[in-house]
Every structure is written in structure tokens, then in C-alpha cells.
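Below you will find one chain, with nothing else, as C-alpha cells; this is the form predicted alone, and questions on how it binds or moves follow later.
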């Protein structure tokens, strides 16, 4: 097949994919998110059967957008797309450099963003295998991550910041147990944990946005961990008295039951 015919076929395929992207009324957002490179990436993922159609926006941000999608059986998925053009790639490097899992990284904007997405997939994979309540990762490619949808009937679960908890102490205990698994079993520090990165599903916490997450061997891991604990303590003090040292010591007390799983070392 000639180059011209290949390009013509590719354009037809991209046009077909564009028709599968529904519910994005904001044309400015659509033009910023669905550039040619991203469309090609989405085409590869849909061609491999990871999703069939994208339906609407779950969450918008300066650096990424999350969309509701469906697989061929109609099951809901979440697709997170990082905007290469607007991502703060300089800030990202602080969380990537020093992580032994990513010794080689292209230093241009696109290379850093692609590593960022790969890191979130690997972190979700580790956390999920360690029994942490996180979205199950499904696939990633370039600046696109496909994962489990957290919600009901196509409606995303709310962030903790938007919910008034009826049993805050029970919720807090469950959350700390999950953060402890993340720290002790998955060997990870979330590094951006707050009420904005915790969803409430069926009254239970689901930890999201693990792209910033670092292994405990990272040179800034303890700095990031102390900030995570401070954020949790600050938020839950609106409900009851919380002691920072008690929370810190509980999470970091990794006994034999919290040995790092060999399967989580990806």
C-alpha cells in the first residue's frame, strides 16, 4: 500500500474514532485534549479492544481530563488523558527522578508526560495487587490511561471534599488501613493525598490519582509522606480530634503481616 493510501486510510479511521467521542460539548477542551497524537493513541487502544466508545467528561483539569467510556459489552470504564501541551512537566520530574523504576526518560515534554502516565499505571498495579482500594488499571499507552470506573450507573463517585460523612471515624479507620497497605505492602507513598484524591463509593474510600506516587526509596519520599499525613489530619480534624504522630506511627508500623509482595514490584 502506498504512503498516500495509508495516510488516507488513517484519516478515515481517525474520523471514525472522532465519532466515538461523544458528550464533549466544550470544543476548546476537545481541541486541546484530542490532538492528532492522542487520537492515534486512542485508536490503538480501541483497536485492541480496551474500550469501544467514549461518552462524556467525568473530571476536567489543567493537565488531564477523565472521560467515561464503555467496552464492547457496555461496561463502564474511565479513560484519563494527559494534555501534553499544558502539563507541568518540570514539576513532574521531581516525582520521577530518583525512582529506580524509571532510570531512563526522554527529557522533552512528551517523554516526561508519557513516563508520568506509565508511572501511574505501575503505581495502580502495585496498589491493586497489595489490596489497596484503588481503580483497577487496565491499559496505558503514551498519554492515555484506561482504568476501572468508580461510580454507579455512569455517575462518578464523589470526591471526599464534596461529601459530609455520616460515620467519619469508621471512614477514617478504613482509609488509614488502605494507606498503610499502600505504604507497607506496595512500598509506595501517594505524595498527593488529600480530600481531592479520595472518592467515596458505597460509604468507603477509594484512593485515586497515583501519578505522583513514589517508592519509599525515592529521595523525597518521607517529605511527601509527611505532607500526605498532614493533609489527612487537617481534613479529619473537622470531625474529631486526630493526632498527627499517632497517624504517622500507625501507617509506618509495618509488621510481618505487611511484607512487600513480590508480585507488586513492577
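Predicted model only: the values in this text are computed from it and were never measured. Positions refer to the first chain, counted from 1.
Although it is not shown, the form predicted together with a small molecule is what the next lines describe.
- For residue 159, a non-hydrogen atom is located within 4.5 Å of the small molecule in the predicted complex, even though that partner is not displayed.
- The small molecule is not drawn, but in the predicted complex it has a heavy atom within 4.5 Å of residue 196.
- At a distance threshold of 4.5 angstroms between non-hydrogen atoms, residue 69 is out of contact with the small molecule in the predicted complex.
- Interface membership of residue 148, defined by any non-hydrogen atom within 4.5 Å of the small molecule in the predicted complex, is confirmed.
- Listed stretches are 237 to 245, 222 to 230, 34 to 42, 197 to 205; the contact stretch with the small molecule in the predicted complex is 197 to 205, by a heavy atom cutoff of 4.5 Å.
- The candidate site formed by 59, 80 and 135 is fully in contact with the small molecule in the predicted complex, as each residue has a non-hydrogen atom within 4.5 angstroms of it.
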